[in-house]
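Okay, so here's just one chain, in structure tokens, the form predicted alone.
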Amino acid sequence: MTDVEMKDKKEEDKKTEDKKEDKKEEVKKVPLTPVAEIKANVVHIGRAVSTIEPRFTHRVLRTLTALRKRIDDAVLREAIEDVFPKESQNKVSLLSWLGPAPPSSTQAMDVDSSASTPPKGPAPTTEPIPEVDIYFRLLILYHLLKQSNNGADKDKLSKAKELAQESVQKMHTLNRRSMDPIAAKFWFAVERTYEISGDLAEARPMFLSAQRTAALRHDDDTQASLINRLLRSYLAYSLYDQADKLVSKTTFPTSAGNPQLARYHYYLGRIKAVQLNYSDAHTNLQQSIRRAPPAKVAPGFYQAVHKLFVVVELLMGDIPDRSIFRHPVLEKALLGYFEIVRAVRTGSLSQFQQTLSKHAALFQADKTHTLITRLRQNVIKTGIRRLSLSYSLISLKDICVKLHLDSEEDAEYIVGKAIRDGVIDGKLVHEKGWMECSGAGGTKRGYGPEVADVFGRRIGYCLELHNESVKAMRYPLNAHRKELADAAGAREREKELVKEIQEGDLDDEEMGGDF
């Protein structure tokens, strides 16, 4: 009897396990349709406004990058009709920015959608909150920019510009603090619209006015977005002095998200590099790389930061790590920069000039051509350092030939400056026209201050990362009271133990045996 009962139990356990596995397979999440995702986002926005919790709005905005690639006129029209009531003025205004609805395809779409999606609920009777209207305007603006094909369709681009201006005016009129996260994202779309149309300078007064208003309202999200919009506008027209004044007169919010901080540090790195402040530029670019999204998520930004980072490292006298040029996202984009690195590393001025002329169009498009032309002195210094390690005595004429310089006077001036800067250890004999090198034969020079500086920067970064991590931690409420109660109880038990020892009430066994 026991064997039969054990077999029955095993069979029942197997059946229950099979049922659980079938349920797990059925519970697998099915990806939402674009219309369903938009409607779910509308619910989250309403929840954020009612509970005064902006994290729900941030959750909606995180889905914007993937969602805007899946929307079209039909999706937006269906979502607007499902969210807004029939006689809504906002509904009419939003639908006017979309193309006319095709009468023939609507029935076919209804037939297809009825088989795959659940039936629609009752039509809405109340007007949604203003944040939902601005969210739909943001989706329509991105859709119009996608249809314009980077400015190829002038009609769509002009329509997007009109929508941006009208929406900005509406945001100023509404003046709601619960709209700030969506407004911060909307300013990026506005800047993108003006940039594609070639009128980015026209939007600058609008950005400045909005930035002052956001600073007065302590709106960190909008303020961070607008500071980046202004810096991009200034740098697009090479107005580095005005960009530097903006940085000095404003305070970037520390509570901004990583994408905004990554952009801000990148723009700071560009400004500092042009101002010959390479160490600060290197620090800012490192912060930008660390805070940037993954390479596959934002490959364009990842490539732009590393292009400038490689040039700044070369200007500092360092050679970038070879693994950077082997990265799958950076391998093709940094091909011209890799050839520049090889020319600087070998100290070949002729190779440097050939590479510079070969990839001049690429460097000008990346706006790094001016910085790369500064590397000529670094190439010459590297060549002189190699010659000083190879020769104990070399004439200026041979230096001129080996480094492809124009004249011996130029070689004498460059060698003298290298000796004065401490690049090489030697002296220049003007009467005999040669250079005596006391460091020939591969003698190693001290690198103490350089190594100390590198370690100092690393330690500073680790301390800063620790402080930011501590600030970002969340502590449970009243957790310290439990620790205080435990400590108080331990002290009371210790006092009772001391009292019993003094009175002699404890036996040897209670004291621990042989103690």
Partner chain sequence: MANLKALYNDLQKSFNSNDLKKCGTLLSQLKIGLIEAGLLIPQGDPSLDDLIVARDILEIGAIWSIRTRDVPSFDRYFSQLQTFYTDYSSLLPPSKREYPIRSLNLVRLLTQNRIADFHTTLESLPLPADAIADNPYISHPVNLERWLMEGSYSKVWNAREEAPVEEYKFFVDSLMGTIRNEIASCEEAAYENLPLKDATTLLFFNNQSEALTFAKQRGWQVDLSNSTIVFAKKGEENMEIPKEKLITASLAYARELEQIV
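Values in this document were obtained by computation on a predicted structure and should not be read as measured data. Residue numbers count along the first chain shown, from 1.
Note that the form predicted in complex with its partner chain isn't included here; everything after this is about it.
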query: Taking heavy atoms and a 4.5 Å cut-off, does Ala256 contact its partner chain in the predicted bound form?
result: no
field: Contact flag, Phe325 vs its partner chain in the predicted bound form, heavy atom cut 4.5 Å
entry: no
query: Given that the partner is absent here, does Ser50 sit within 4.5 Å of its partner chain in the predicted bound form, heavy atoms only?
result: no
message: Residue-level question: is Glu313 within 4.5 Å of its partner chain in the predicted bound form, judged on heavy atoms?
response: no
query: Tell me, which of Lys427, Arg385, Arg345, Lys146 has a heavy atom within 4.5 angstroms of its partner chain in the predicted bound form?
result: Lys427
query: Of the residues Asp82, Asp153, Asp241, Asp280, which one places a heavy atom within 4.5 Å of its partner chain in the predicted bound form?
result: Asp241
query: Any idea which of 88-96, 287-295, 362-370, 170-178 reaches within 4.5 Å of its partner chain in the predicted bound form, heavy atoms considered?
result: 362-370
- request: Would you confirm whether the three residues Ala304, Asp321 and Phe338 all fall within 4.5 Å of its partner chain in the predicted bound form, going by non-hydrogen atoms?
  value: no
field: Within 271-309, the residues that have a heavy atom no more than 4.5 Å from its partner chain in the predicted bound form
entry: Val274, Gln275, Leu276
